[in-house]
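Given next, in structure tokens, is a single chain: the form predicted alone.
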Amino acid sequence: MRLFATLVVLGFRRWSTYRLATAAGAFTNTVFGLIKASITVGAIGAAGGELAGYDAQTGATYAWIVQALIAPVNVFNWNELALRIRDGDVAIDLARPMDPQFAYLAGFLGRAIHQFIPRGAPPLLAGALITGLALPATPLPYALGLVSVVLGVSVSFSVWWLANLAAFWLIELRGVLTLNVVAMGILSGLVIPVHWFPDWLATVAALTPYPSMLQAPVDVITARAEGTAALGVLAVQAAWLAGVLLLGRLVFARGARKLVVQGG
């Protein structure tokens, strides 16, 4: 655990050097948060003032919190492992006296911690000033929400890790990564809440880990899922994390054997 914590800190320090990019990202997230909140409130108004349990303020709150979590969860791209596989630098990772998946997860979490503060706070502040935020008055949803966010970030990493492993077998990986971005954008709750999906699409989403990345943390933080329901959400997230991480380990081991055979 001490090594893992050290790697998390190193990941935080690495990303903290990109100050200008972080500021630009915070501004962009805030602007898109305003657009998304406006569209969400408009959709709820068109539905008669309530839609799947969301009124205007809770809908706007959903939009702002999602914008705050976009950067930490990293819904748009992560191809660091794929590039190292393509260039052969993954051989260095295999030679190090630590598990590569363990090390990359720590760095991913360090990045998320850094992104959460400068890129997550501005959208929330803007939401509080512009539309107001419908947030719980008790501390328990925030404590459970923090656990849920960590699990959501970790699930995101596990899915990105699995997508990157296709580089062991494919020369061009942009198609695979783009499909993952599209699936994540639709099924995670990034565009609209999963609770707004038609039944067939909600069933499809439930069969994937994507809702555990964004929809689950927002439900817990806003107390849409309370008590045993919140614990059930965390259990689902933990189950997806364990399952996808295990699958990632198996696929990585298979790819590493292929690399060793080809490399002599």
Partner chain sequence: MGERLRPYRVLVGSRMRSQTTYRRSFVSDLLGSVAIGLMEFAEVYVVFANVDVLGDLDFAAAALVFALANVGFSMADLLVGHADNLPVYLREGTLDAFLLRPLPVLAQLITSDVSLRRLGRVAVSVVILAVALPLNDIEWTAAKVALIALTPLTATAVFAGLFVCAAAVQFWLVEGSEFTSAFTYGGAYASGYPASIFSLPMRLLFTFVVPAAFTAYLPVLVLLDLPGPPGTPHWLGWCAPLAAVAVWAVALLGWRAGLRHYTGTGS
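Positions refer to the first chain, counted from 1. Computed from a predicted model, the values in this text were never measured in an experiment.
Quick note: we don't show the form predicted in complex with its partner chain, though the next part is all about it.
**Student:** Do Gly185 and its partner chain share at least one heavy atom pair within 4.5 Å in the predicted complex?
**Tutor:** Judged by the heavy-atom cut-off of 4.5 Å, Gly185 is in contact with its partner chain in the predicted complex.
**Student:** Test of understanding: in the predicted complex, would Gly53 fall inside 4.5 Å of its partner chain by heavy atoms?
**Tutor:** Outside the cut-off, so no.
**Student:** Any chance Gly232 has a heavy atom within 4.5 Å of its partner chain in the predicted complex?
**Tutor:** No - in the predicted complex, heavy atoms of Gly232 and its partner chain never come within 4.5 Å of each other.
**Student:** Would Leu34 count as a contact of its partner chain in the predicted complex, using a 4.5 angstroms cut-off between non-hydrogen atoms?
**Tutor:** Yes, Leu34 sits close enough to its partner chain in the predicted complex that at least one of its heavy atoms falls within 4.5 Å.
**Student:** Among the candidate residues Leu162, Val90, Ile192, Ile113, which is the single one with a non-hydrogen atom no more than 4.5 Å from its partner chain in the predicted complex?
**Tutor:** Here the answer is residue option Ile192.
**Student:** Please determine, with the chain shown alone, which of 233 to 241, 217 to 225, 204 to 212, 38 to 46 has non-hydrogen atoms within 4.5 Å of its partner chain in the predicted complex.
**Tutor:** One stretch meets the cut-off, namely 38 to 46.
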